[in-house]
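Only one chain is given next, in structure tokens, and it is the form predicted on its own.
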């Protein structure tokens, strides 16, 4: 039984904490709140008190544990090897079991648990989104017309008119492919950033990789996991495993740290005690790669021949750099591109403050964290910001828009696609 199914199972992780406070130096939440409850050390002590019966499960505790980006910076900086992110997520799961989910979350997750209903809802949202969103002139961004779960100051990327899966062929095959992969699109590329999704497929094709896009695939399920809904998380994990087990491929390709983390870490964790799915989850975990990781480590990047003459900076998504250790591979790609100058920020791996739904439920806090990242970006004066995560891309677009800076934010695959397309002209 995992940490997330029984809180007592996290006790061995809790007792490793020596209360040194190294987490304070890197925690984005603590830097804003300056409160012990905001940092990993404080939350670990609250988890200990819960186990010992000195704290009760209540709304105040749930709010305190919601103040975490799960950016893993604390785990990365811990001299004792404590995984505060696992402790925090275990407490969230225990809170959901003991007190139940908020009614709004329960309704949203009940839809997310049904792939066909979710797809129908997203397609309907694309058609009718103009009722709630007002387009920003000259940009593919939009403001809310009225409070609809979004702060009125925020800009977001509107839903694409057509999902990536419905727009692209199921099989995308170059001449004489050397590899065959299954592309896990996730929600962001499938419904919002279809330009990045097309770029991933195009670049893989240019590198001799056949790309299959399973039509029935669904959200990775991590949004339900981070809010403690383990039942729905396991259901989604099993669903996606079933979909991809039907395919023949050399690798599963993802485009962001959250999705790759689902396949390589969380699905095997969720299903470790399930005799039917544990073996399947581990088999697919060993075949899952981030886009840049696969190009560098397995394919051998086809170096573009034409110069782009552009200065970029790269933002490391938290779950990619600290979750699965992908940091050098995107930079190797950028450095292999003629005419691309990589200007590193002071802290390229500083969290942008998005954390998926955190930027919806805690926009003020999220914005303060985002603004520090935006300042870091502006300090190197790039022509474009490159990242490998759709949620980070949306957060950075909002941050740069708020400053008035006209700097595009692109997925890494899009820059490679531009270079290859320029070759063909």
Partner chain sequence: MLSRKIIDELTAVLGKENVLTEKEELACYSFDATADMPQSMPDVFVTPTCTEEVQKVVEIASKNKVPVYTRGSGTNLSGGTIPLKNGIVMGMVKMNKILEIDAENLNAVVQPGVIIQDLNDAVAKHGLIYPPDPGTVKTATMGGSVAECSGGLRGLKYGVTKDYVMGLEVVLANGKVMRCGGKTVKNVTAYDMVKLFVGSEGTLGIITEIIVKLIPAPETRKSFLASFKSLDDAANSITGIIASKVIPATLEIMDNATIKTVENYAHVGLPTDAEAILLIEVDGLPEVVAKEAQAVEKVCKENNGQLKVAETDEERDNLWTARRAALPALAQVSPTTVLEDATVPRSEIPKMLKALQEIAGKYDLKIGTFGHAGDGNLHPTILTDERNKEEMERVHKAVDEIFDAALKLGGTLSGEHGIGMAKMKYLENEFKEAGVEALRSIKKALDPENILNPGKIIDLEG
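As the structure is a prediction and not an experimental result, all values here were calculated from the model. Numbering follows the first chain given and starts at 1.
There is another form of this protein, the form predicted together with its partner chain, and it is not shown here; the text below is about that form.
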With the partner left out here, if you bring back its partner chain in the model of the complex, are 303, 332 and 348 all within 4.5 Å of it by some heavy atom? no
I'd like to know whether residue 372 contacts its partner chain in the model of the complex, with contact meaning heavy atoms within 4.5 angstroms. no
Does residue 383 reach its partner chain in the model of the complex if we count a contact as any heavy atom within 4.5 Å? no
Residue 364: touches its partner chain in the model of the complex, heavy atom cutoff 4.5 angstroms: no
Taking its partner chain as it sits in the model of the complex, is residue 45 near enough to touch it, meaning that at least one heavy atom pair lies within 4.5 angstroms? yes
Options 392-400, 27-35, 373-381, 353-361; stretch whose heavy atom lies within 4.5 Å of its partner chain in the model of the complex: 27-35
Contact check, 1-35 vs its partner chain in the model of the complex, heavy atom within 4.5 Å, ordered by sequence, gives 12, 15, 16, 18, 19, 20, 21, 22, 24, 25, 30, 33, 34, 35
